[in-house]
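Next up: just one chain, as structure tokens, the form predicted on its own.
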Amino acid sequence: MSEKNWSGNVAYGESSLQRPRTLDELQEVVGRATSVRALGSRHSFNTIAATSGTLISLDRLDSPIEIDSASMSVRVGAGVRYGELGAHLQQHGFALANLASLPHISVAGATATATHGSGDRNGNLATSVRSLTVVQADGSLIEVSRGDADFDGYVVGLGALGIITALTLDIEPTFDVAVSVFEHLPWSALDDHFDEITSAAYSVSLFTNWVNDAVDQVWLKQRVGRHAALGAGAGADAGSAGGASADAGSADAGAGADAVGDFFGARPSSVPLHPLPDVAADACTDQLGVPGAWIDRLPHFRLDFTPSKGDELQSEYLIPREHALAAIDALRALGHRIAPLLFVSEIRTIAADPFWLSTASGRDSVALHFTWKPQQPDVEALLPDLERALAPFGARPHWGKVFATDAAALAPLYDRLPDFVRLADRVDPTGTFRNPFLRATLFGA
């Protein structure tokens, strides 16, 4: 029986699943394969990891986490999940600059698809990568480091350039974060104060169903404590422009939400909330402005719980920041069609990066995320219209989620795509790492 992804909507179709325990075993498997793909934490909703050949899982590969405090870096195995890496770093007094909403995802899979967290000044997770160790199609091993000619092509490589076995990431001293949640932000406030709202904390998330008369929830995640100034956003006072408390959960804000005022017309929640309506907040990280370690606050969800809804689909599109409000208006106009298929949508900001295939490549971006009900035929029927509405804004779909855009439509969105194709042709001339998904979206054949 074929392996399936996290939500069960994709069967990978492999002829064999290999779980090497050593690097030598992995190199041998790749070297003799004619078609091979790597399997991460299975948190993709399309066939990016599918293959009719050999599927490789790195979950048993011997790869210890090695911290180098002198260079402020950590070397980690590709299959390690962010929650596990974060716990190890926190135990030793260190942190990553940012995390995605889920700590359940693997480091290599997340960085290779430009997966991100939130924050005006925070790049996606790939921006912390210093180097990659990669098994090539012939089984040989190479190291690609920041500053190398092809590094910006390799980091967000979609598995098309080889099997990543280990990564070296930037780290920094540990820090605390406080999460404050506000409800019912007027759309007019978002229109009038978009930049102030998204810069009001280190990480900001807006949740909506596109038909309600207000943004349902605003999550502000503010760095606090002695290292708070490192990377603090332009609005490090957590929304004081809208009347919120200056620290939104600083170390002495023990009263939690009661200590926080209005946020541009939104009111603080007095109880913990789940982003999905009518779902208990047990799976979510702590809120109410109570500070805690970065690993316990930057993700939306706790590692020991099934995240989000579980049985779901996801899509996401990144647009240039300057088009954010126009794109939001376009989606609100489609709200009557989106809402019946939707659990919830999230709006986040991501800083520009240099990676050739990153969805934020070369432009500060706003991400428009959709967590869909598991009604794939209906979602797939809607997506072409949704994508047409976003096309004037240069919307780039997240590589690991459900979308309809093909190679012809994607090509104009990535200036360095021709360079990536040439790199792939050079390092994998026989197409060992290509699959139907990559041919349909990248290589056009």
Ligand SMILES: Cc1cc2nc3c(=O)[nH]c(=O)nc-3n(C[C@H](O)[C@H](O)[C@H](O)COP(=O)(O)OP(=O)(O)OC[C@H]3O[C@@H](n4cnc5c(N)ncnc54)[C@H](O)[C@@H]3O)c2cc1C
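Computed from a predicted structure; not experimentally measured. The first residue of the shown sequence is 1; numbering continues from there.
Just so you know, the form predicted in complex with the named molecule exists too; it's not on screen, but the next bit is about it.
- Residue 316 belongs to the set of residues with a heavy atom inside 4.5 Å of the named molecule in the predicted bound form.
- At the 4.5 Å threshold, heavy atoms of residue 41 reach the named molecule in the predicted bound form.
- Looking at residue 208, you'd find every heavy atom of it more than 4.5 angstroms from the named molecule in the predicted bound form.
- Contact between residue 400 and the named molecule in the predicted bound form is found at the 4.5 Å heavy atom cutoff.
- With the named molecule left out of view, the stretch that reaches within 4.5 Å of it through heavy atoms in the predicted bound form is, among 32-40, 413-421, 386-394, 63-71, 32-40.
- A heavy atom within 4.5 Å of the named molecule in the predicted bound form is found for one listed residue only; from 351, 290, 281, 102, this is 102.
- Contact annotation: of the candidates 197, 108, 368, 181, the single residue with a non-hydrogen atom within 4.5 angstroms of the named molecule in the predicted bound form is 108.
- Residues are counted as partner-facing when one of their heavy atoms sits within 4.5 Å of the named molecule in the predicted bound form; in 44-74 these are 44, 45, 48, 49, 58, in sequence order.
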